[in-house]
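The chain that follows stands alone, in the form predicted on its own, written as structure tokens.
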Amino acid sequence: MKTKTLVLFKSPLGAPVKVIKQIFTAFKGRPVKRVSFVTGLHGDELEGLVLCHRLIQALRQLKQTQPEAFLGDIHIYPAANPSAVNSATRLWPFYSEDMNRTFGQGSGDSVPVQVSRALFEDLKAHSDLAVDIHSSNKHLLELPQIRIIENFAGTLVPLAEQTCADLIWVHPMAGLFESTLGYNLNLAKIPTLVIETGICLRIHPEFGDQLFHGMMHWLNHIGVLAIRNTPAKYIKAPRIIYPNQVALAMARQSGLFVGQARLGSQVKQGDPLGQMLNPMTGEVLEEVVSPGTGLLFTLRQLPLVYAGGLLARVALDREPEP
């Protein structure tokens, strides 16, 4: 394993800011593929940091015991936004910039933008495939899933099917994606999978185990590693869903949401998901029920909800009638 420093500078507060990557090279000859894992673009998303830790630990041990298993190169960027990670904040401190909205054209010349450019250029120079790992925001808990913009679905869906995630969510293009890392790498012809899992500022070991074994299985499938030790319980075919197969439960009134359902459970239309409460009057404002029959893959965790706020998503077993 080699460690490379991409960016090193002194911050306004005096502490150095360093973006590094860990490199595992092919055992001999030209690598069959070069794969990159990136996490920590948002400093409050900790699930990806643990996943990268697991990957580095396992690959380092594999390098010591079975160096011939490395048929390709693996690059891991375990904390792409160290300033935000050190502060456990979504945005880059002081600048209040979202690093995952600084890629592409016309983003200015701030320090976060300069770092994102250095990261992007390094990824382009050393990647044939990439994985961009994220957690959800503070409101919602998510099952491990791969999110794919439909423009790139033809290339990405076959790759995502080998990740052992619960879901592959193919969704339409939207303007907010134009400045993200995943979109711009895909635009640059570097197929990139975007993982969404868990919730910010928390770690779910069961999701981490699933994705760790999924990534090792995926690396073996694409020929970067020559190993076959994925436990059978983690090998699964993700459910592929499209926009018309996602049903939403939204809050009709403002209040406190108290959930009753378990994330990852199969629910039927009308099953109870929780209640909206008015703590001032003691009223139950709303009995929240499942909007369809299928897999409950998103569930509200922050209880305070305003009218129109998202409470749950269900991946429908059947497409709704037109």
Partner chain sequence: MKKEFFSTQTPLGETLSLYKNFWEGPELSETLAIVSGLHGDRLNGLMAASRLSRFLGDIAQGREPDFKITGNIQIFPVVNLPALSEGNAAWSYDNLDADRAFPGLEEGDLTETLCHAVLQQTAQSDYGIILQTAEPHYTDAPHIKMISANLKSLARNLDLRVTREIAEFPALTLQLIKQWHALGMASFILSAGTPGVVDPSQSDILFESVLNFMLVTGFLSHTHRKGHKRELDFYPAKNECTLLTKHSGMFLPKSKVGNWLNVDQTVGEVVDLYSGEVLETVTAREAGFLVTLRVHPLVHEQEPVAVLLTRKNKRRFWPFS
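Numbering follows the first chain given and starts at 1. Quick caveat, the model's predicted, so the values are computed rather than measured.
Beyond what is shown, the protein has a form predicted in complex with the partner chain; the following relates to that form.
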Would you point out which of 265-273, 251-259, 26-34, 61-69 contains residues with a non-hydrogen atom within 4.5 Å of the partner chain in the model of the complex?
251-259
Out of Thr155, Ser110, Ser87, Asn151, which one falls within 4.5 Å of the partner chain in the model of the complex, going by heavy atoms?
Ser110
The partner chain in the model of the complex reached by all of Ile20, Trp218 and Lys236, non-hydrogen atom within 4.5 Å:
no
Phe103: touches the partner chain in the model of the complex, heavy atom cutoff 4.5 angstroms:
yes
Using a 4.5 Å heavy atom cut-off, state whether Leu91 contacts the partner chain in the model of the complex.
yes
Close approach of Phe212 to the partner chain in the model of the complex, 4.5 Å, heavy atom
no
At the 4.5 Å heavy atom threshold, is Ala125 in contact with the partner chain in the model of the complex?
no
Any residue of 169-198 with a heavy atom within 4.5 Å of the partner chain in the model of the complex counts; write them all down in order.
Gly175, Leu176, Glu178, Ser179
